[in-house]
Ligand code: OGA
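Just one chain is shown here, as structure tokens, and it is the form predicted alone.
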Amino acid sequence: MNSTVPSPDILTAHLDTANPVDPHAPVMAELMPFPAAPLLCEARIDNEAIELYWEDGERARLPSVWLRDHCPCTTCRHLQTRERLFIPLDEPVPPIEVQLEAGHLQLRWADGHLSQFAAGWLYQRRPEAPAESALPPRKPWCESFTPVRVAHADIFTPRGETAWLEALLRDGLVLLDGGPLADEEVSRIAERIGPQRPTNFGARFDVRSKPNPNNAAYTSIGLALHTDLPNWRQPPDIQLLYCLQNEAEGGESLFADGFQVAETLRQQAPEHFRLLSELAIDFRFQDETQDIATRAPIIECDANGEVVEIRFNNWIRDTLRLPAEQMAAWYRAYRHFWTLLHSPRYQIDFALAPGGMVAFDNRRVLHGRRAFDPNTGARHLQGTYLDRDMLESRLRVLARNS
């Protein structure tokens, strides 16, 4: 593929946020910032790779095919969308010339194509570099865990919104205080992050006692700890619950970190953990218009054995379909997990005040409530769901603009 390097003025007009520090650096079609230094002090062709040396002593060996695939020029990347146009299907032509321009890499390929790379961009992506992320790692709760609280007014500032998002992604639960008693405020907050995730209960739902309920949440009974909608192949990631009224006696909210409790189960009874993480069971919701079901284990682990999801809801756990010889052992494991979850040692509880909101990771943190007496006052919460992808996206955008 032959091309010429586009005018720096054309690139800068669209992508001047890529590297505002070093005006000599090639534009890399990136919105996330990368370091302006260190610069390269040496580069040379070595068989099918380029050997790079930076001024701080770091070095890297990058395959030529990787460099050709990541060429940022407007022939290889769309100028507006920054999406890749180059398709690495053919055997790549080799680079025939390498040189440094103001400490940045320039490669001339055998077909005449010219690729330019900012030294800081390459430094950030060298194989030996530690992974960088704007996302906080998940942190299990400890016995003294107290949720982060953010003022409602602060969530509409970059700093406050960042604190709220980081706490939610890190701890799986965060509180918002001092909001207005306004219908649909939960939707307003959610849509700052992304579109609301609709389910068979709608995009936004009301939680209050009502006649002919199709879900236990719409009664006044106590709710044991659970995750919502484990009967979906892809349960909602994040739940927001906004309190508009809470005058009834009782009804305190209960929460437990499913990841923390699952790890406790693994330590106390590895066989119980194995049964709940390896044996898929059935979950099913059914009413007059819906019949939604799936089959999955209660504890899901990734390829490294790390717990990544909890599906736990005794109301919509369907008929247990397992080999008869495994049933008794499965029930013992289930009772053990239930007992740990409902131990005061692993629970936190609080009463949501009107204008307050709790947000939590529905695929990690289990929630419930104590029973309340509807004759002592009104209780009305509004809720919605969000996809975790949208929270992570929002946090990345905030990070690159900070």
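Quick note: we count residues from 1 along the sequence shown, nothing fancier. From a predicted model like this one, the values you see are computed outputs, not experimental measurements.
Another form exists, predicted in complex with the named molecule; not displayed. Remarks below refer to it.
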item: All of V207, L223 and L241 within 4.5 Å of the named molecule in the model of the complex, heavy atom check; value: yes
item: Contact flag, L381 vs the named molecule in the model of the complex, heavy atom cut 4.5 Å; value: yes
item: Touches the named molecule in the model of the complex: E161 (any heavy atom, 4.5 Å); value: no
item: In the model of the complex, R369 touching the named molecule (heavy atom, 4.5 Å); value: yes
item: Distance check, D228 to the named molecule in the model of the complex, heavy atom within 4.5 Å; value: yes
item: Region of this chain that lies against the named molecule in the model of the complex, out of 373 to 381, 330 to 338, 34 to 42, 49 to 57 [heavy atom, 4.5 Å]; value: 373 to 381
item: Contacts with the named molecule in the model of the complex - residues in 270 to 307 whose heavy atoms fall within 4.5 Å; value: none
